[in-house]
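Just the one chain here, the form predicted alone, laid out as structure tokens.
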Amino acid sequence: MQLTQQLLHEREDYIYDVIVIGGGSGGLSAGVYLQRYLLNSLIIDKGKARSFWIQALHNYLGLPSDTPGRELLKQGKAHYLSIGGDLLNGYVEAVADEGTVFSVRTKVGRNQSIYHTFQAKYIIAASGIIDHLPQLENMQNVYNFAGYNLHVCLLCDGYEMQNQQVGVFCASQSSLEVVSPLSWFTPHITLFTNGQFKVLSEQKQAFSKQGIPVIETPIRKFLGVQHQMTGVELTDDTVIQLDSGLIAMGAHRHAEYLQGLDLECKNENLITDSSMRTSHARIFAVGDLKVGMNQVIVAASDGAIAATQIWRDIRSREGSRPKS
């Protein structure tokens, strides 16, 4: 059931088997499997799944290559609701371990918000990440192209950039590491720092030997038509023509609600075992939050694996459930 502010009273004192935080491909996959295992689940979705911004899922097995990410999410939500799952558009502020259950404090509604605390035996963290974008005076100019041919994922879109003139937009020294794997797909690379950091002289020399220009002048705007970026204009009026771009500026992980639970991490990513279980026995993590490969199809697999392990846990503890 799609929960609304008016329906929240129906879930007072209700204890879910599992609350899934995040309605992207990983969270929805987990929800579908949980419901098929006859468990009671709630997905709380803030509506900012990374895959929502993917304009075409070129690499998802079995789907037409022009399928937008938002269509995958739409179908996934419809599937989940059709088999009895609860879905709430809301923002999880905090998760607290109360012993046998977790309390999940949630903000519902952007205007005239209300707060509601849900309870669950297990948590699946599936809230993902959001990519950092180049910060320009007119951010709408960035949004016009991001997710089209201004890419944010080399693993997803390296194929799309083969033999193209590619601008790589970096935010730090560490982000320059993307050059080596990108050069597998194209030798035509130009690096842009947008004036955010200085590239070391020895790095510049190494890039120069590879024929890779380093542009440290800030960017005024992206150029292009109908969501297809064709180049950049710098603040000194220089125009550089490009076929596509790759944003390599890192990402923010949506997991503040887990603070205080002392979960094991590696470089801000949650460490899980093969069943997606974190260092807490009743908290699982799927998709981009965990250590591993950041891909839509991998997140969907993670969700299925986590849900299956939780079902095994509950079944081994409770045995057969009474017939409804």
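Each residue number is its position in the shown sequence, starting from 1. The shown structure was predicted, so the numbers you read here are calculated from the model rather than taken from an experiment.
The next section is about a form of this same protein that is not shown, the form predicted in complex with another copy of the chain.
- Stretch 70-78 is the answer when you ask which of 70-78, 222-230, 138-146, 125-133 has residues with heavy atoms within 4.5 Å of another copy of the chain in the model of the complex.
- Site annotation in the model of the complex: the residue of 258, 283, 39, 54 reaching within 4.5 Å of another copy of the chain with a heavy atom is 39.
- Checking 97, 243, 157, 216 for any heavy atom within 4.5 Å of another copy of the chain in the model of the complex turns up a single hit: 157.
- When contacts are judged by a 4.5 Å heavy atom cut-off, residue 265 does not count as touching another copy of the chain in the model of the complex.
- With a 4.5 Å cutoff on heavy atoms, residue 207 does not count as touching another copy of the chain in the model of the complex; it lies far away.
- Using a 4.5 angstroms limit between non-hydrogen atoms, residue 162 touches another copy of the chain in the model of the complex.
- At a distance threshold of 4.5 angstroms between non-hydrogen atoms, residue 270 is out of contact with another copy of the chain in the model of the complex.
- Annotation: in the model of the complex, residues 28, 304 and 319 each come within 4.5 Å of another copy of the chain through at least one heavy atom.
- Scanning 189-208 for heavy atoms within 4.5 Å of another copy of the chain in the model of the complex gives no residues at all.
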